[in-house]
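Only one chain comes next, encoded as structure tokens, the form predicted alone.
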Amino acid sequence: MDAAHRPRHPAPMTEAPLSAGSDFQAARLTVRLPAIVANYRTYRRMAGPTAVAAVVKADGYGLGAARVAPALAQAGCDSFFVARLEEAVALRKSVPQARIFVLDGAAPDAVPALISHRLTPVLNSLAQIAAWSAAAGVGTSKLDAVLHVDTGMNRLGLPGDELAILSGEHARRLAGINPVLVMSHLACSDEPANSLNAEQLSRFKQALAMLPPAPASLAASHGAMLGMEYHFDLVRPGVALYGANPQAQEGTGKGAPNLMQTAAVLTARVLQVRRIDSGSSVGYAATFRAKRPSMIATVALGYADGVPRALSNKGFAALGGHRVPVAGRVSMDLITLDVSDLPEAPHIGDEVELLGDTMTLGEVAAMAGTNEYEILTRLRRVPRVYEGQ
């Protein structure tokens, strides 16, 4: 073996010297609350006179709604969207004065909890409207609600035939209901040139003309970037608050420069470093074979922590700002990295970045063949550390 290809590293193998009282933290998800607040304020500047809500569903996109929402509330955010009733009930403890909208709506068995926790349902069908109206009839005052109109997503929301019925009978069907918002959702807002954006905008305007006057909301993170005509009275950024680029197509990592600050940094410690010979395999199923004498670092993260198994043999991590490739399969608790080309050997306990300033959210999503939403919401087992508390 010539000197040019000889690994520039010391001992063949070292192991982590952990004692019973060690504070060694194998992995960490650092959540930068000031960055999330800064991203919210960026939307407020871009939105001009339009109000800005925050979407904190899925536990604040995996970053902890109980910490994220109060930070945003302190920055002036007074309206939050979640998906599930249980998310809303939990969130009420963190932001007692805020408006909390529940996207799943008002199923009959959810009505008591919605009322007792002062939650506002997003009504998606005539059946939900009927259930909420019936609940309002029991009390002495009207109940707030959001009317959700489907303009092309074909998931939740009033379809065209139900919208027509509501339009002709809204005085009766909305009895006891105070519509505080009419909303819809864009299907292709991450593709500015997609003709469906303009079609949905047109359909939404038509729907507004068919319903009683109320504030309107169409745009979320990407949709707010399509222009002021998409803003109406309220924009609802979600994933962009947590660092995703709202000017890039989902899952590509490509687009205009990201106006958002990095809010999530996923790191893990090096547990072991070893030298392997040319031809040696690494990991399950021996999917990686060294083409030269190499150094392999094993770090304390895996798919049980939310790192996609799809990054096997094609993902990257960063050590001291230097990118190193994933060698072999991502396993449940561990990832192995080829660190042969680092200028200096890594040490036990060195911190490796899997997501953050060097390995950006969009880039990691693209390498894994998914989108930023999934990357963030998969982060389960890793302890969270909050900056800016």
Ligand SMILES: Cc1ncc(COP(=O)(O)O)c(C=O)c1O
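Everything numeric in this text was worked out from a predicted model, so none of it was measured. Position 1 is the first residue in the sequence shown; the rest follow in order.
The same protein also exists as the form predicted together with the ligand; that form is not shown, yet it is the one meant from here on.
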property: Contact segment among 109-117, 302-310, 286-294, 221-229, judged by heavy atoms lying within 4.5 Å of the ligand in the predicted complex; result: 221-229
property: Partner-contacting position among 103, 182, 268, 276 - heavy atom within 4.5 Å of the ligand in the predicted complex; result: 103
property: Heavy atom within 4.5 Å of the ligand in the predicted complex - residue from 352, 55, 330, 65; result: 55
property: 236, 239 and 373 each touching the ligand in the predicted complex (heavy atom, 4.5 Å); result: yes
property: Partner proximity in the predicted complex: residue 155 to the ligand, non-hydrogen atom cutoff 4.5 Å; result: yes
property: Contacts with the ligand in the predicted complex - residues in 303-324 whose heavy atoms fall within 4.5 Å; result: none
